[in-house]
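Below you'll find only one chain, the form predicted on its own, shown as structure tokens.
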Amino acid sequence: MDLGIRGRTAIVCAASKGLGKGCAQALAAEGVDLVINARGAEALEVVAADLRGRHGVRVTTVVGDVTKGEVRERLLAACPTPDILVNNVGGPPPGDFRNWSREDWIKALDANMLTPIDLIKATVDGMIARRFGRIVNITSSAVRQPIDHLGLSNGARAGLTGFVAGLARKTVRHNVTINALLPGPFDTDRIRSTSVVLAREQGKTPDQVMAERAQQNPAGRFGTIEEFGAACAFLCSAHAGYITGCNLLLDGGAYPGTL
């Protein structure tokens, strides 16, 4: 299926590994030119070289922490008129809310709510003027089903989701959509780091926790970044103009609800 976005340009944040990398790979496979960002220069350049070599697309790298204003400025300078924006920022650490300070909460909100909103603000009017835009926010399954030890993430990502719910209804008539992908358990560094915390609490090894979590999922496994990237690419496609303000859950059936 031709997604109809060959020759478009996308910004993909946190694209050197994990879910962001999966999204960058899927978009490049569709012929989308990329501006990709991550904190680690070496890993980011490896991804960029691979995408250029395999798909023949233009790939520009912007190294730095996207939660920092000056990094966002450089990102937008490298791609001032994106057709596609994939917001992705690593989640805050797990823990007990009793141990979190006001500064911890502000940091989580700045990273997982305010940073994506700032990038949306900087790009959405241009998309409206050009009558094409696809914005995808990578959030978390915790938006649908809160995870007790990820309270910082629960709160910040739910805030972003609430904001987008209103804006997405205003932009869609201009062929600009805003949606979210809600990942459940995927085989990434993030799930491995949270497994270390859970292992310590449960008196198990991280590998034991990982294996148990995989088997507890209805799919009997974790998701792959390729599966995630394919979902992102479709939401960014020319065929997805009637989908907006939606939160697509990718969790192997873990969420127990009917809706």
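One-based numbering along the sequence shown. A quick note: this is a predicted structure, and the numbers were derived from the prediction, not measured.
Keep in mind the form predicted together with a small molecule is missing from the figure; the text below concerns it.
Only one of 178, 138, 156, 85 comes within 4.5 Å of the small molecule in the model of the complex by heavy atoms, so just point that one out.
-> By the 4.5 Å criterion, the partner-contacting residue is 138.
Looking at 57, 209, 191, 26, which is the one with a non-hydrogen atom within 4.5 Å of the small molecule in the model of the complex?
-> Filtering the options by heavy-atom distance leaves 191.
In the model of the complex, does residue 195 have a heavy atom within 4.5 Å of the small molecule?
-> Outside the cut-off, so no.
With the partner left out of view, is residue 64 within 4.5 angstroms of the small molecule in the model of the complex by any non-hydrogen atom?
-> Although the small molecule is absent here, residue 64 would touch it in the model of the complex, with heavy atoms inside 4.5 Å.
Using heavy atoms and a 4.5 Å limit, would one call residue 151 a contact residue for the small molecule in the model of the complex?
-> Although the small molecule is absent here, residue 151 would stay clear of it in the model of the complex, with no heavy atoms inside 4.5 Å.
In the model of the complex, residue 237 touching the small molecule (heavy atom, 4.5 Å) | So residue 237 does not count as contacting the small molecule.
In the model of the complex, segment of 164 to 172, 125 to 133, 178 to 186, 77 to 85 with a heavy atom within 4.5 Å of the small molecule = It is 178 to 186 that comes within 4.5 Å of the partner.
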